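Only one chain is given next, in structure tokens, and it is the form predicted alone.
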């Protein structure tokens, strides 16, 4: 528990340091949003609730030690990339890639710099700094949302030993946290980015079962059947026009009665009180499909593909939603 609070404090200090570094270097830097007292109260309550949920759920698993070397490398390369990132963000250039990156075989909707990160999801260098950038964005709370969301699945499992697939697994950090919560699980990672999956298996050796280098809408090419399929902040990065095909493939890949866990941003219908925070996130970090995501409730869309909604929980500004194949 102490390490978790230390991690949050560390990322908060680093966030301030990164902004100071940008100012000293004369880089284009957007001002921080200014919230009124009622908005601050919403954020503070949501944070308090998340921490309370984390304390309860942390009793169910053993928290991993902090990889200090990986953390320092992530911060160092984030600072080195800061100029490129902020200039790209200031120019609102979401199609800026290194010359050696071939994009033709990736889905068209994916060929862009989400959040304006360098090289999108298509280089190991991008994978190296991606997690650190995300934790800086959420001030060290992203791992708490993942862990509480994953533990939320526990009452609906029939056994500690089950097969699972994470789609949009990216750098493998969320999958590593899933394995810490469910160490007896056999977990496959699916992502269209070969570079990110290679990175995941490199930094977390002997942790995952296998990698599946496919986009979710190509999942029908995989013949495995899983007890659980889950994703972490992936659905809002897939255009809603693709959701039906993706869900049909998930349905086919799930065992009878299998579970689908979607951990993602809250949507407009969840609470009007958090619209200001969703607006700020959308305006400050490039999310090309967030408009449609916000107004397309997962709780209504997913059941149209043969699933039953069985549980939902809000986690800070995100939510965990669990469906069952029927």
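Numbering follows the first chain given and starts at 1. As the structure is a computational prediction, the values presented were derived from the model and not from experiment.
What follows is about the form predicted together with a small molecule, which we do not show.
Highlighted residues 121, 166 and 237: every one comes within 4.5 Å of the small molecule in the predicted complex, counting any heavy atom. Looking at 70-78, 186-194, 201-209, 88-96, the stretch with residues near the small molecule in the predicted complex, meaning non-hydrogen atoms within 4.5 angstroms, turns out to be 186-194. Checked against the small molecule in the predicted complex, the candidates 181, 128, 110, 137 yield a single residue with a heavy atom inside 4.5 Å, and that residue is 110. Mapping the unseen interface onto this chain, residue 153 falls outside it, with no heavy atom inside 4.5 Å of the small molecule in the predicted complex. Residue contact check for residue 217: one or more of its heavy atoms lie within 4.5 Å of the small molecule in the predicted complex. Within 4.5 Å of any heavy atom of the small molecule in the predicted complex lies no heavy atom of residue 251. Of the heavy atoms in residue 233, some are within 4.5 Å of the small molecule in the predicted complex.
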